[in-house]
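A single chain, nothing else alongside it, follows as structure tokens in the form predicted alone.
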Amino acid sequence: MPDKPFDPKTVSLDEMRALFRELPGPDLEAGTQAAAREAQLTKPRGALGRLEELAAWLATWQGRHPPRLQHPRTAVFAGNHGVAALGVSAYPSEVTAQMVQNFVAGGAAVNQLCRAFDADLRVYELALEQPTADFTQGPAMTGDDCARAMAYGMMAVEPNLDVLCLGEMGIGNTTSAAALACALFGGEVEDWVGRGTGVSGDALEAKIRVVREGVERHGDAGDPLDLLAAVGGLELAAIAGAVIAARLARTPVVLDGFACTVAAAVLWKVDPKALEHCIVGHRSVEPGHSRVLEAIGKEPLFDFGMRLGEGSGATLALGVLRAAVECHTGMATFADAGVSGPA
């Protein structure tokens, strides 16, 4: 985390840009210790495949060996979008606030997943009564508003978290994410736009048109953080801030689906090393998700045909991470078990 908290009244995107010079690298000693133990466990080398990689990744970015998974947190950021008024979603904007109340009451899918994997759930509202501006008419946010949302997202990272799972809730945010991804990585608008909450027909055409107008208006807005302000959302900016803060605090991050990954991809576009402490829980059925995953070089842990958001896929990935930690720390070594090692 920064040496001192940002002043929410004066924080700027330039301050956020400066943080990229402070991002710590991996703890190579912890990684070496993980590799040494893995080589002694009672199994053929590499037999647990990606579970072995995940154990080493956790150790490397937690900065300790053995890795642990005793205090995972899922953070869900909620924001509203001005473009939702243009008919791009199957649901009205008031559903965002209603779903936040559902999270609080324990009735959402992510609540059940957090319960299943003993994760701490936190939900962060970002001025739901003040949606971002319609980005077809002007920038969605000012630079200062974007920076404030990023600083707010940084607050989700507290001491002693073992893993941070990130997610979002916001009617219209797949429209914002599609515009942001297209502005960042190029390509045809239609390739980035999916059905989101289930739109089709005229509503899908309206969504494509809105994304195209946003990209045409703001595609040359400036650097990636400027693009985030121009066509992004408050909750997407908060996710970007949380990813930065997690890196500074040496907290590994699990990203959720399309909108969440696009928010993090803004940071990758600034510095390709900025997401080394992140993995992606699942591959969303949103077509743009596969495209952005390919662009940033991330392979998700699983593909279950999910497209819910709200951190559901990231939280479900905790089951895989817990398995990786248990195998790495709990298995006997060849010497402990009296089993002959490889010849």
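Numbers follow the displayed sequence, beginning with 1. What you see is a predicted model; the values in this text were computed from it and never measured.
The discussion below concerns the form predicted in complex with a further copy of the same chain, not included here.
Peer 1: a further copy of the same chain isn't shown here, but in the predicted complex, which of 231-239, 100-108, 154-162, 76-84 has heavy atoms within 4.5 Å of it?
Peer 2: Only one stretch qualifies here: 100-108.
Peer 1: May I ask you to state whether A47 is within 4.5 Å of a further copy of the same chain in the predicted complex, using heavy atom distances?
Peer 2: Close contact exists here: in the predicted complex, A47 approaches a further copy of the same chain to within 4.5 Å, heavy atoms only.
Peer 1: Applying a 4.5 Å heavy atom distance criterion, does L316 contact a further copy of the same chain in the predicted complex?
Peer 2: Output for L316 is yes: heavy atoms within 4.5 Å of a further copy of the same chain.
Peer 1: How about L293: is it within 4.5 Å of a further copy of the same chain in the predicted complex, going by heavy atoms?
Peer 2: No, no contact at 4.5 Å.
Peer 1: Using the partner position in the predicted complex, report whether G138 sits within 4.5 Å of a further copy of the same chain, counting heavy atoms only.
Peer 2: G138: no, not in contact with a further copy of the same chain in the predicted complex.
Peer 1: Verify the flagged residues L13, L166 and L248 against a further copy of the same chain in the predicted complex: is each one within 4.5 Å by a non-hydrogen atom?
Peer 2: No, because L13, L166 and L248 lack any heavy atom that approaches a further copy of the same chain to within 4.5 Å in the predicted complex.
Peer 1: Pick from V270, V95, A221, I208: which has a non-hydrogen atom within 4.5 Å of a further copy of the same chain in the predicted complex?
Peer 2: Exactly one listed residue reaches within 4.5 Å, namely V95.
Peer 1: What residues, if any, in 313-338 have a non-hydrogen atom within 4.5 angstroms of a further copy of the same chain in the predicted complex?
Peer 2: Residues within 4.5 Å: L316, G319, V320, R322, A323, E326, C327, G330, M331, A332, F334, A337, G338.
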